[in-house]
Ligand SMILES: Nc1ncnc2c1ncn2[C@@H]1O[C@H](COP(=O)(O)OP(=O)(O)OP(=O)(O)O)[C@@H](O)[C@H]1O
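In the block that follows, a single chain appears as structure tokens, in the form predicted on its own.
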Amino acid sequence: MQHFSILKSLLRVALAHDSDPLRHQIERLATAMSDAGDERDAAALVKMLNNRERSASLAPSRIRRSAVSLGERMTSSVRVPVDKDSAAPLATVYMPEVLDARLPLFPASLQENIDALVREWAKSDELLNAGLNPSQSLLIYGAPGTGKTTVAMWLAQQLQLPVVVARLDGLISSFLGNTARNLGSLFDFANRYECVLVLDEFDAIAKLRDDPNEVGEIKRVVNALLQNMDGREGKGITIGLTNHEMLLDPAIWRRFEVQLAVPLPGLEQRIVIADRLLDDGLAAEAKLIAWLCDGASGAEVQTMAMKYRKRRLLRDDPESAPIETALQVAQSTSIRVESDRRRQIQLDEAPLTVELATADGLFSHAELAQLFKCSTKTIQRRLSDSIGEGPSDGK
């Protein structure tokens, strides 16, 4: 079907706001295409529907908030506080209707902790009846690009609450004493409304007070932060995000009931991330990108997959092998490629084939043939030749 890739992209966007009538029409289209003999494109539509259904089944339903009010209802016209000297806003507000976060693919242990936190809020009435409160403070830490901000936005989305994201360019003032004052204004604002307060780049205002490289002002700022966090207890949900948890003052950690470490994605997670962004039938390419991105964040894998997709679409030589495009992207991007990978991608075709073939059984011979755009016999010959060369080192 001509322009089917464009149609698929349109359907993916539409499925982000899933509905039964939409699914019914896509099913009708898949059936009609199958009846017309276009089995491959029909199967692609069915796969798209199945993937969406699987994602929906894994996501928890919207949380029914407790009858206990945490403050006033916020409207989109609310005015955020500003720094009195520069007039820079201290926060950016996102209303729940504009939130459209999708929870990243996480290891089971992390996902279980997130689910447990969601259950606390979903069953807050039961906790309150037992004399307990749902967790109202959460610290999320990990490397850049691992999905920390997305988790915060997703949780607010589940709660259907506005998000108040602190802006460090407004909070941190060059005038002594003003940063602490700005913190007080920000927390007063957040305490007034039902909202989720997100403190991004949290380490910038929560550094170790005994750091010899810091002036006395940072100590006053940390003390002010601790006092404001203590004063927020019972008035709302606070989420701190940091890439540098080792810089945080020890007293800060005790202010957060829940502390989640977001790790870099493993191989299987990287494959899924890449596969979601590539066209159907490119499973080998998704594995290759995941292999190349060993040690990279989820955001970096996404960047690599999108660059690969654009390069393949606009390549000068339609007959070029996928491995050539992938290696070009890996060598011309700021994505972190581990030193061992950098060595491997500079190898000639034959030794690179051996490296991929021995990568924990990741690639089949057929997939390697697809990547190098050659026959499986060629792959087998390269591997056989490498075995035959083994004794040449004199051992």
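In case it trips you up, residue 1 is the first one in the sequence shown, and so on. Keep in mind the model is a prediction, meaning the values are calculated, not measured.
Keep in mind the form predicted in complex with this ligand is missing from the figure; the text below concerns it.
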> Taking Thr75, Pro81 and Ala190 as a possible spot, do all three reach this ligand in the model of the complex with a heavy atom inside 4.5 Å?
Replying inline: no
> Do Ile273 and this ligand share at least one heavy atom pair within 4.5 Å in the model of the complex?
Replying inline: yes
>> When the contact criterion is heavy atoms within 4.5 Å, does Pro322 count as touching this ligand in the model of the complex?
In response: no
> Using 4.5 Å between non-hydrogen atoms, is Gly177 touching this ligand in the model of the complex?
Replying inline: no
> If you check in the model of the complex, is Pro265 within 4.5 Å of this ligand, heavy atoms only?
Replying inline: yes
> Where does this ligand sit in the model of the complex: which of 191 to 199, 157 to 165, 223 to 231, 140 to 148, heavy atoms within 4.5 Å?
Replying inline: 140 to 148
> So which of Ala283, Leu105, Ala251, Ala88 reaches within 4.5 angstroms of this ligand in the model of the complex, heavy atom to heavy atom?
Replying inline: Leu105
> Of the options Gly170, Pro134, Gly236, Gly298, which one has a non-hydrogen atom that comes within 4.5 Å of this ligand in the model of the complex?
Replying inline: Gly298
